[in-house]
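Have a look below at one chain only, the form predicted on its own, in structure tokens format.
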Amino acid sequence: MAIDELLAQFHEIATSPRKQLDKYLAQGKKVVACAPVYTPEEIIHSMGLVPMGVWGAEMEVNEAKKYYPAFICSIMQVVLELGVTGQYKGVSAIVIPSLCDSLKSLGQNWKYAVPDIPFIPMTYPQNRKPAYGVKYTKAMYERVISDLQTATGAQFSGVALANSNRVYNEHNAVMREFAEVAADHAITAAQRNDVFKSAWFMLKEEHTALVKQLIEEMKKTPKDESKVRVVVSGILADSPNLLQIFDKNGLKIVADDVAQESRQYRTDVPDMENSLDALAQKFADMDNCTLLYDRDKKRVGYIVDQAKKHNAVGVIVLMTKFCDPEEFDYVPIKRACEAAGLRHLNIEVDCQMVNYEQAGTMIQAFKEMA
């Protein structure tokens, strides 16, 4: 299949999550919604269920305002809005982690606003690395398993989880390879986003096969060194209007530190005798994320290192409005970029934004900086 055909297929999937949901339901499969971030998809997959990401959409919020004030993360508002208005009809349950205050409130609001779709909490420890943190994570995974069994009737098997862990590790590796190949070949910011976003709406083995085809076709094309190379960081980089501004100004995303994109694929499930222990250890091994406790802010150095590794001229932070964890990290990122001689730019994004003219002016100035 040609590159254009593959990219068109990724775009269709990325922009038609309801169509994907209906496809799996028509196949007799049960679908479980996975709220951001780090929902244990491997467990859901191993139980014969389809994990499907819910990261909101660009839309005006009405019904969710009955439950949320205006000054809270718009991703949470839109996810709840979609639930209240029936856009997730057919989903068997939703798993919501508790890695930030907004996510905690989403779970509690969901119970009352969307009573027909069971809410399953996934409570992660902040101190995830010590043995007691790993033990706690495993205990919470066991609770998720129990709640999934109640909500869907599906059964859990450690052997099946071991297989799903391998499926997800392979997908991680393929997505990491895609990011590296895309950094040096002709692919727009919007097309790159389609490949990452589509992964949330497909079974991972299906997505892996499709991305492998794309990588092979991309490797046959000449390298593209004509654009301004940048690293993007944030929770979401998923606005078509904003990504068009990147492409219009000749900015090429050569690496990302985006929660919806590459952050998901950095850490593999280790090879251990007990598959659930291994999955809990995976969470303990994760780093470089605003939502994971790190008193030393190693994420800042990671972003600068990625910019240097990929010969980027600078870092563009897409700051989700009212996201406290991300806001706290911006000042040290700014300082680190200045110390490393990298350009830096902070653009506020919101799921309810439709006009990015100001961002366009900022990006044009960023491009033209000496």
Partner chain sequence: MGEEVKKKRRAPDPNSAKYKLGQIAAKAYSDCVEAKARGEKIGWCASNFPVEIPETLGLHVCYPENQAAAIAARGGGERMCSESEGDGYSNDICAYARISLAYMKLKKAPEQDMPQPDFVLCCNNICNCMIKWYENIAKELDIPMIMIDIPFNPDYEVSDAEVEYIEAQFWDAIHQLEDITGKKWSDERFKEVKEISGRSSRAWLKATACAKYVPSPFNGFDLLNHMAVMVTARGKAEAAEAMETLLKEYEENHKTGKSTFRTDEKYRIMFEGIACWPWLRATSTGLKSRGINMVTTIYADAFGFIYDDFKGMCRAYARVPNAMNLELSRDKRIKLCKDNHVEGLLVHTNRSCKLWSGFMAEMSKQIGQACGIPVVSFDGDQADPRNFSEAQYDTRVQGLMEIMEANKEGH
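Residue numbers count along the first chain shown, from 1. Everything quoted here is computed from the prediction, not taken from an experiment.
Omitted from view is the form predicted in complex with the partner chain, to which the following refers.
J.: Out of 107-115, 234-242, 271-279, 172-180, where are the residues with a heavy atom within 4.5 Å of the partner chain in the predicted bound form?
T.: In short, 107-115.
J.: Quick one: Phe156, Gly158 and Asp287 and the partner chain in the predicted bound form, is every residue within 4.5 Å by at least one heavy atom?
T.: Contact check failed for every one of Phe156, Gly158 and Asp287.
J.: Quick one: is Gly48 in contact with the partner chain in the predicted bound form, heavy atoms, 4.5 Å cut-off?
T.: Flag for Gly48 set to no.
J.: Is there a non-hydrogen atom of Lys30 within 4.5 angstroms of a non-hydrogen atom of the partner chain in the predicted bound form?
T.: No, no contact at 4.5 Å.
J.: Would you check, heavy atoms only and a 4.5 Å threshold, whether Lys297 touches the partner chain in the predicted bound form?
T.: So Lys297 counts as contacting the partner chain.
J.: Is it the case that Tyr302, even though its partner is missing from this view, gets within 4.5 Å of the partner chain in the predicted bound form, heavy atoms only?
T.: No, Tyr302 sits far enough from the partner chain in the predicted bound form that none of its heavy atoms falls within 4.5 Å.
J.: Could you tell me which one of Tyr265, Trp200, Tyr88, Tyr136 places a heavy atom within 4.5 Å of the partner chain in the predicted bound form?
T.: Contact with the partner chain in the predicted bound form is made by Tyr136 alone.
J.: At 4.5 Å, heavy atom to heavy atom, what parts of 62-90 sit next to the partner chain in the predicted bound form? List them in sequence order, or say none.
T.: Stretch hits, in order: Lys66, Tyr67, Tyr68, Pro69, Phe71, Ile72.
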